[in-house]
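Below you will find one chain, with nothing else, as structure tokens; this is the form predicted alone, and questions on how it binds or moves follow later.
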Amino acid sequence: MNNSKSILNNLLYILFFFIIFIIYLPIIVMIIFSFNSSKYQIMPFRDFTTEWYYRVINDTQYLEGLTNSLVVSFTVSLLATILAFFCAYSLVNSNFRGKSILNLFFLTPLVVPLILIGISLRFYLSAQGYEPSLYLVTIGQSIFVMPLAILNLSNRMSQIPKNLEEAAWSLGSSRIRSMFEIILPSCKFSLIATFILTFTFAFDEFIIAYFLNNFSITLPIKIWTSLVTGFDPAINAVGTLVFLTSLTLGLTAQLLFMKK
């Protein structure tokens, strides 16, 4: 019995690492070719070079896209984290009929295809007279990442003992004061992690930015247009930098989530 269980565990481990390898294989190939001096994605590997990274750094369009993406992502993550804090506090500390349905409603954008969100927002906002711009991209991406922020902060707030606030209330503290002096410090690591995580999602997001933008480009849109108009080896360098940045931010967020 133990031998069969051990064999099953080993097979599951092998399957797990095989799936991980398949998922990350294209990324590994991209990273390797980002240092290849050849302009074509073919083997054998030619001379080692960092030319494509220098080209990205000196390309004004990539820098413009990066700047726009950073501004939009920072605004989105800040807005989503602040609003999600108050929404999560309300959901955790209130009891009313239909609360579970409301929780599901908040999580709906996570399961709705992004293309539907992008198209619907484009039609609705255009019908209201708004022109596609980075401002609309900020609104659309905030709607997209808000459920994730609410979910993360709700999980943390549900772990905070309720008697801490009740003790503060009995000593004359208002709900607002207790929220900012008890709940907010207790959630500081989760708030930072939520900010980082939503920033990562907004920075990498393409579909909503594509539908709600017009002439201003973000980094994902620049990468897409470069691929459509013709393959540029610098794409490998951009993809490598974006992947490493997103991976670092994601791991940082997970480490912060594990802190109490």
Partner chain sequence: MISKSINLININKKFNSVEVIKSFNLKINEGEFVTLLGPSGCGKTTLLRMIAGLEYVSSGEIFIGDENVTSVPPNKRDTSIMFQDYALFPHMNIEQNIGYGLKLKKLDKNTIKEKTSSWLKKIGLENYNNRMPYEISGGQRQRVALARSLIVEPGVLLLDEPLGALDANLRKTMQVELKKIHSEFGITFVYVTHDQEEALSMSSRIVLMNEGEIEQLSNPNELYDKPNTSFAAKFMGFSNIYSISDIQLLNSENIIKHLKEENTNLNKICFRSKDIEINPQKNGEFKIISKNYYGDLYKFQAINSNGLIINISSSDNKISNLEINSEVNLTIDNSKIISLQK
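Owing to the predicted nature of the structure, the values given are computational and were not obtained by experimental measurement. Residue numbers count along the first chain shown, from 1.
The next section is about a form of this same protein that is not shown, the form predicted together with the partner chain.
Using a 4.5 angstroms limit between non-hydrogen atoms, residue 116 is distant from the partner chain in the predicted bound form. Although the partner is absent here, residue 181 sits close enough that one of its heavy atoms falls within 4.5 Å of the partner chain in the predicted bound form. With a 4.5 Å cutoff on heavy atoms, residue 174 counts as touching the partner chain in the predicted bound form.
For residue 163, a non-hydrogen atom is located within 4.5 Å of the partner chain in the predicted bound form, even though that partner is not displayed. You can rule out all but one of 116-124, 73-81, 136-144, 165-173: in the predicted bound form, only 165-173 has residues with a heavy atom within 4.5 Å of the partner chain. Of the candidates 154, 186, 93, 103, 186 is the one whose heavy atoms come within 4.5 Å of the partner chain in the predicted bound form; the others do not. Contact residues in stretch 110-134 (any heavy atom within 4.5 Å of the partner chain, taken in the predicted bound form) are absent; none meets the cut-off.
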